[in-house]
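Okay, so here's just one chain, in structure tokens, the form predicted alone.
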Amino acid sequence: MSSSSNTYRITIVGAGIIGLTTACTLLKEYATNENLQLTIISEKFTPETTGDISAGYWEPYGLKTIDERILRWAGYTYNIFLSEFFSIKASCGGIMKVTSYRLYGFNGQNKDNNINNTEKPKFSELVRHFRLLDQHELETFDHLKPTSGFVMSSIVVEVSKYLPQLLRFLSQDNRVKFIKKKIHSLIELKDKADVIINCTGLASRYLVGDQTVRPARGQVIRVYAPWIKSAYSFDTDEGFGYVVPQSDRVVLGGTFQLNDWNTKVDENDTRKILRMCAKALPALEQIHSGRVDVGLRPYRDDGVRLEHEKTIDGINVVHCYGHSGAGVTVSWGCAKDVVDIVKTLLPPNSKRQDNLPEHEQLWRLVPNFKYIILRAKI
């Protein structure tokens, strides 16, 4: 396949959470292949990616269907993040383990009549410390008057800290090259790569002509509320809201507006988010401002596309896009499946035996001063 029998040329298009976790997984699986040439091309790098705007909260969210694939990817990713929280990566990578409450219904009524105190979400078996809330616990939130709910241990990944750490790790390998550029067509890469991995998210609508990919606009507010240590998601009379703590701020959300391409702040949405979150946590009524961010999630009508395609131009492409609001949640799991496909196209050498924990095999912390060199390369 390669122009040289001794060289594997792999190009990843997209440098968000999906693209960079895929790159790290590739380096793990091709650890002993000195002939690997890995190129990461993206119009935007952190802190300009959609993931940098997100709350980074682990939970399958914004997907039409949560099927076996989603659960497998999410479970694998949860275990990676959890092990990273209990490692030296937690602080630099912005990884937090949090108690998370999900409350259904508002004012004693539930829009979804199928939800009751005995139901568990499909992902309940993947997480630690999951349990349904009993009536006494629900009464704690009597100002909302929810009809049911659950609590679990989840993970929050501060993407604006996590992605730079992945980039630092990748930049240490002389087989990796970064190019900041917009790709308009995969034809541009035909003679430059043996395998192309498409991790372009919403841009796949134009790059590969997938009209089933459309934006799900998300607006969030980052506020200073240090007393909030747990995550909350809840129903109100104005819609669904959430409160997610990060290292030095708390993310209040949010919106999920399909087919809305507006990337500017909507003041009406800002006021609505503040109102909803204050209904769940009344102390937030004193918060009147914060940093407002807007991002466009890559929603796909048919769910995540993760598959190999041999184009009519003879290009081997592995697609991985359409993650909607679950990009962080399924990132490492999707990366693993993508690389498994790549390995069938470009078989690696025998994998080196490594006694390190799985998360340390995927990527490792490197000194911060190296990042200066990386930014110069990009």
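These numbers were taken from a predicted model, which means no experiment stands behind them. Numbers for residues come from their place in the sequence shown, where the first is 1.
In what follows, reference is made to the form predicted in complex with a small molecule, a form of this protein that is not presented.
Would V328 count as touching the small molecule in the predicted complex under a 4.5 Å heavy atom rule?
Heavy-atom contact with the small molecule at 4.5 Å: present for V328.
Do G51 and the small molecule come within 4.5 Å of each other in the predicted complex, heavy atoms counted?
So G51 counts as contacting the small molecule.
Can any non-hydrogen atom of P164 be found within 4.5 angstroms of the small molecule in the predicted complex?
Judged by the heavy-atom cut-off of 4.5 Å, P164 is well away from the small molecule in the predicted complex.
Residue-level contact is defined here as any heavy atom of the residue lying within 4.5 Å of the small molecule in the predicted complex; does T200 satisfy this criterion?
T200: yes, in contact with the small molecule in the predicted complex.
For the chain seen here without its partner, which of 262-270, 170-178, 200-208, 121-129 has a heavy atom within 4.5 Å of the small molecule in the predicted complex?
It is the stretch 200-208.
Name the residue from V220, L284, I196, I80 that puts a heavy atom within 4.5 Å of the small molecule in the predicted complex.
Selected residue: V220.
Work out which of H143, H308, K182, H288 lies within 4.5 Å of the small molecule in the predicted complex, going by heavy atoms.
None of the other options qualify; the answer is K182.
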